[in-house]
Every structure is written in structure tokens, then in C-alpha cells.
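So here's one chain in two forms, each on its own in C-alpha cells, numbered structure 1 and structure 2.
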Structure 1
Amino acid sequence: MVSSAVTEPKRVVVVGAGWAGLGSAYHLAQQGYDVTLLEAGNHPGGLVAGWQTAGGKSVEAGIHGFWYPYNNIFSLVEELGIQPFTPFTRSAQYSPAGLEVESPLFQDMPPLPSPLGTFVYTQFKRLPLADRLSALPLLYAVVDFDNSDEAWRRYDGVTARELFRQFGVSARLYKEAFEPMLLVGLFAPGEQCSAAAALGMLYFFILAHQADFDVKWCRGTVGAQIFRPWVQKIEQAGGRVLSQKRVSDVRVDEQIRSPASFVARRYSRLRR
């Protein structure tokens, strides 16, 4: 809280203008702090930042979905007064052989106790029933993993690949359903992810509530649709967003035990 007795607002420097940095800068600026957000890249946005081709076309890396549990982002766009998203959409998964899996809009389906809805309503187009049924024993781990610290400790010592193997998930089901999910959700194959990370991801995106796998998409690049108006709001609240400022050092004032200055690329220095 900013004390009314303090005439000058406290100065805060936030490093990195991804979702996290923009969110921090936005809330701090709204609360009256004097905020400077320093970004190393050319534009705010971090991993979602896009760019324009020589011909003026907007490009961004990868696809960026916004799933049902993203309440913070859905409240943010309401607060900004923008409507960047499609409605919730159905999802499908294709392999080189064709359509493999189709998911309905889970929020429209009759609710079943979690995680049954996910398993019952997902339509596997090519996968034989025996392979699909091989996921059933995995339900034990899914129900057992309650996302608590203790559960994370219990499952963190095993790889995701090992977990699926131990619970008897067939090689084909793993290859055609679970491995693509891990690659999209955790950016790594099952051999490189812990079982806890895999279960945590499945829990957050798919299993905690029936509707969790429903997803919205941005009508355009996230940079143009969300980050640009967001940065404007930060600036309207008195904050500064500076690009091409890679922070390379933080100097601490030993007496007050607080950062005294930030050294950014091109040796521009912001003093407390």
C-alpha cells in the first residue's frame, strides 16, 4: 500500500515484459506506484511477442490458446474493455494418418463427476477400444494426484513416460494421445518430464473440472489484440514500458538493503 503521508510514490522496476511482467506493472501502476518496465526485446509480450514481415503481415511463434481455467486473463480483457477472443471452441487432434481425437465443448455436455466427463465424451476416431481402455488404470494416479505439495513430491521422482508405462497405458495410446499432449503442454517428450509435471498439467487443463479443456483463440496476434491496449493502460496509469533494455545488473544499497539502480543494455541506468 502507498501511504498518503508519502509525497512521492515509491519507484518500482519490473524486469521482463511477458505476461508476468506486464501483469505486475499493470497492477502496481494502478495502485499508484511509479513503475518502469524494462524489456530486453523489441516489443513487449515475451514468448508470445510477435513481429511484422517486410510486407506488413503480423506473425507470432506457435499457437496460443486460452483455456477455460484462465480466469485471470478473461478478467483482464474485460477490465481493458476489449474483446480479443473467439467463443470457446471444440478441439481436434490429427496425426499424419488423419483425424485421431475430437473433443466436444465439454461445458455443454451433461456434467459427470470429474474426471469421468473427459474420458466419456472424448471421441477417439481411429484408436482401437483395447488401447483406449488401457488408460483406465491411470485414473488411479489422476485421482490420487490432488496437486498438493505432497502429491508433487510423491510423483516427481518418476518420468511421465515411466508413469504411463507403469499404469499399463498401451504404446499406441501413449504415442497418439498422451505424447502430443505432453509436447504441447510441457514442450518436452515424456522421458524428459516428471510424472508430477505431467499430472499437474493434465489436472490443470483437463481433469480438475469437466470444462477445463474448452479453449478460446485470439482473433489476431496476442501482441496486437491484448498487449498493445494493455501497455496503453499501463502508460495511462503513469507507468513506463521501455523496450531494448536488457537488465544486466542490479546494484543494491547495503544500508537500506534495497536495489539502488538497475543497469540496462546501452548502459542507460535508472536510479532509485
Structure 2
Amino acid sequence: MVSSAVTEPKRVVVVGAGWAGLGSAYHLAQQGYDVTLLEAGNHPGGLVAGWQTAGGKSVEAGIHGFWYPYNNIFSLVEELGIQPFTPFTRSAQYSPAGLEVESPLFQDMPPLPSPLGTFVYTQFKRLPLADRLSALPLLYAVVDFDNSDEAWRRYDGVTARELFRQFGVSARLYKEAFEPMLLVGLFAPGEQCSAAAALGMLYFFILAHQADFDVKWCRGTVGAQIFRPWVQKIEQAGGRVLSQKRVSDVRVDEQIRSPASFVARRYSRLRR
């Protein structure tokens, strides 16, 4: 005899509606779980999604470029059936004086052995050849840094600025090319980040992944163009997305040593 009892779907609470939280809730809802996604902010996505001023102007935190290796995000927007991005564009680098460096679409260029592709194809707009050539000795450190734990220990004891001085990088090349790169990639000037962190960034872009300079841009805010339709898909699959629900406590079932309930402001309690 076949039982006619219907098994209720397992209930899941996901805390935080950023990229990871939305992704977890989306896939769990698609698999039939009873999912509730809690977000402390006014809307899913938090700071990444941005916000609007009293005058209606959109404000976003951070950089919202989507680079060549972001295959998971490109697959996501295709699955959602949305087109939030521009085509791939060339990367450009600016200093206070204006445009300094422009890179082509590397995926369209014939591949060259690393690091020749980056150095041959990158176009310096104002920097004299002598200053550009002063970067050649630095290639030793870039090649020597293989992103291993030992390499990180070897270069972590000095600052990025000191590394560039040691290898003879000219003051102008540092000021107009490397320092803007550090500020964009590591969010700090060379005096405040380690040589290992700087070499890790250069290793990634120059040696490991030449085409990763190619970038797409969102045609509006990430919140409106990506997160909003993503939330709609979660809700269509049966999930719930609740904003302004900051989790303040997790209560544990001592017998099975797992969360028994979540206490959230303005959403008193969620049983597992």
C-alpha cells in the first residue's frame, strides 16, 4: 500500500541578502525548499545594491564592473533572462591629470606569452618610453611571486611602495600608473599595502589571466537591474524575501545541536 501522506518541504532561513544569500535562497527555492531570506537593510543587496537620495539620485558603493572571469554572474543573468550589461569594453586608467593607460579587448587579440601580452598591447597615453622601461626590472618580482604561501611570506614584510623603489620603477610611472592601479585594485596607496598584496594583483592580471582586463558594466544600478528580478524569481519559486529584518539572536536546540529559531527585529521568530 502506498502512503498518501504529503511530506512538507524543509524550512530554511538564509540571513543576509547579498550575492551569496540571494544565490543560496534562489537555488534552494528552485529545489523545493521553504526558504525565507532575511535582510537587515531596506532592500535586498545592502550596500552593493545602492540606495537613493531624497532627491531620487541613485548611489552605489564600490566598483560595479563585471570582468571577463565572472562566469557565474554571466550565467546567472542568462538564466534569469535579463540583459543588464554593456558589451565587453576596454579598460582605462586615469590619474588626476587625465587618461594614462588604455587596454584593448584582450580576448580579441592574438595571445602572447605572459607577460608580453599585457606590456605589448597596453597603450600608455602620456608616459615617456624611459619611464615605461623602468618597469622591466619589476618583472623579476612579478614572475618570482607565484602566489604560493611561501611567496606571500617572502614579500609581505615590505610595502608595495618600497618594492617599486627597490626595483627602480620611476617616480612618474609609479604616480601615474601603479598608484592608481593600487587604489582601484587594493583600495589603498602603496605605503599602506604590502608588496605581496600588490604582486598578487599584478600576478592575477599580468601573468595568470591576461583577458581579465576586459570588463562589462551594468546599464543601471545593480539593485534595479539584477537584484530586483532575482528576488522576483525567488518569490515565483515560493521563497520569501523580507527586508528590514536584522537577526539579533540564534537559538540552538541543545539536543540536536542545530539552530532551532532565529530572532529578528520586526519579525519576532522563525522556527526551523
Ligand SMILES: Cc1cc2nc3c(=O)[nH]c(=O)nc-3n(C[C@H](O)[C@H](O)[C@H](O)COP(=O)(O)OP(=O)(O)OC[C@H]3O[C@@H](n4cnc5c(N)ncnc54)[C@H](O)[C@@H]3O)c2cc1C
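For the two forms, the rigid core is made up of the largest set of C-alpha atoms that agree within 1.5 Å on superposition. Bear in mind that the values here come from a model prediction, so they are computed numbers and not experimental data. Every residue number counts along structure 1's sequence, beginning with 1.
Name the structure that is the form predicted in complex with the ligand; the other one isn't. Only structure 1 fits here, because that chain is the form predicted in complex with the ligand.
Taking the rigid core as the frame, does Gln52 move its C-alpha by 2 Å or more between structure 1 and structure 2? It does, since the Gln52 C-alpha is displaced 2 Å or more between structure 1 and structure 2 after the core fit.
Taking the rigid core as the superposition reference, indicate whether the CA of Phe124 shifts 2 angstroms or more between structure 1 and structure 2. Comparing forms between structure 1 and structure 2, the Phe124 CA shifts at least 2 Å.
Quick one: core overlaid, is Thr89 moving 2 Å or more at the Cα between structure 1 and structure 2? No, its C-alpha moves less than 2 Å.
Taking the rigid core as the frame, how far in Å does the Cα of Glu179 move between structure 1 and structure 2? Rounded to one decimal, the shift is 3.5 Å.
Between structure 1 and structure 2, how far the Cα of Ser194 shifts once the core is aligned, in Å: Looking at the C-alpha of Ser194 between structure 1 and structure 2, the offset is 5.2 Å.
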